[in-house]
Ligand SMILES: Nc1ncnc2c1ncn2[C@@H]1O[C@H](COP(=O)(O)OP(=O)(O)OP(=O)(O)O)[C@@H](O)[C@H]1O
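In structure tokens, the next block holds one chain alone, the form predicted on its own.
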């Protein structure tokens, strides 16, 4: 059975960077295969992982909706079979992990039937992997639409700002309000420039969330971002890599217990 890790947080907090580093940790530890799901409509997890993205689930959904509307489905092929074939073509496959990108949000039409078929297929797909890591949309939209269900661990990523930490607390509160199936929720504070203490420590405590750890500001991450290079090129002694390694070791141990 797959372990599902969801990553949330407001934009600009290092959410996708954290998702890529979590995947990197799982690959390094041989916890494969891994399915990476880019559920952010502003897709860039593929760039962070150093793979080329072809199609997206959003594009497949739009194409499928158009074919249904114009009655252009291939003769003798059920809608479910065609949708599955197109999703499989959108799946980016590598030696140890695969990536599927959800792509853009829905258009103005009705997608209920197609979305139901997508949900069934994606749930079935996820069962083929030891870990599923989902990089969610910035903010709380994915939670309000109830697309974050059946999650073992949700990391809510924040920067050290008071506003970011307040947003993180609201995301946790909304998840509880919607009664989403999330076993554990942890706070991760990224881009930290100084030891945790004083105002930052008080702000973290005020969220009422379990702190999984902090990720220091890492110049090596910034250099790769500027150069347009994947985070897979970070060396093992990168401070961000080491921080995520510590976070994952502690959290996975707690989840198992």
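Residue numbers count along the first chain shown, from 1. None of the values given here were measured: they were computed from a predicted structure.
Keep in mind that the form predicted together with the ligand is not shown, yet the notes after this line are about it.
(request) Have a look at 221, 26, 37, 188 for me and say which one sits with a heavy atom within 4.5 Å of the ligand in the predicted bound form. (result) The option sitting close enough to the partner is 221.
(request) Tell me the stretch among 28-36, 52-60, 221-229, 199-207 that has any heavy atom within 4.5 angstroms of the ligand in the predicted bound form. (result) Looking at the partner contacts, the answer comes out as 221-229.
(request) Report whether the minimum heavy atom distance between residue 90 and the ligand in the predicted bound form is within 4.5 Å. (result) So residue 90 does not count as contacting the ligand.
(request) State yes or no: in the predicted bound form, is some non-hydrogen atom of residue 138 no more than 4.5 angstroms from a non-hydrogen atom of the ligand? (result) So residue 138 counts as contacting the ligand.
(request) Determine whether any heavy atom of residue 12 comes within 4.5 Å of a heavy atom of the ligand in the predicted bound form, and answer yes or no. (result) Yes, residue 12 is a contact residue.
(message) Using a 4.5 angstroms cut-off on non-hydrogen atoms, would residue 212 count as touching the ligand in the predicted bound form?
(response) Contact with the ligand, no.
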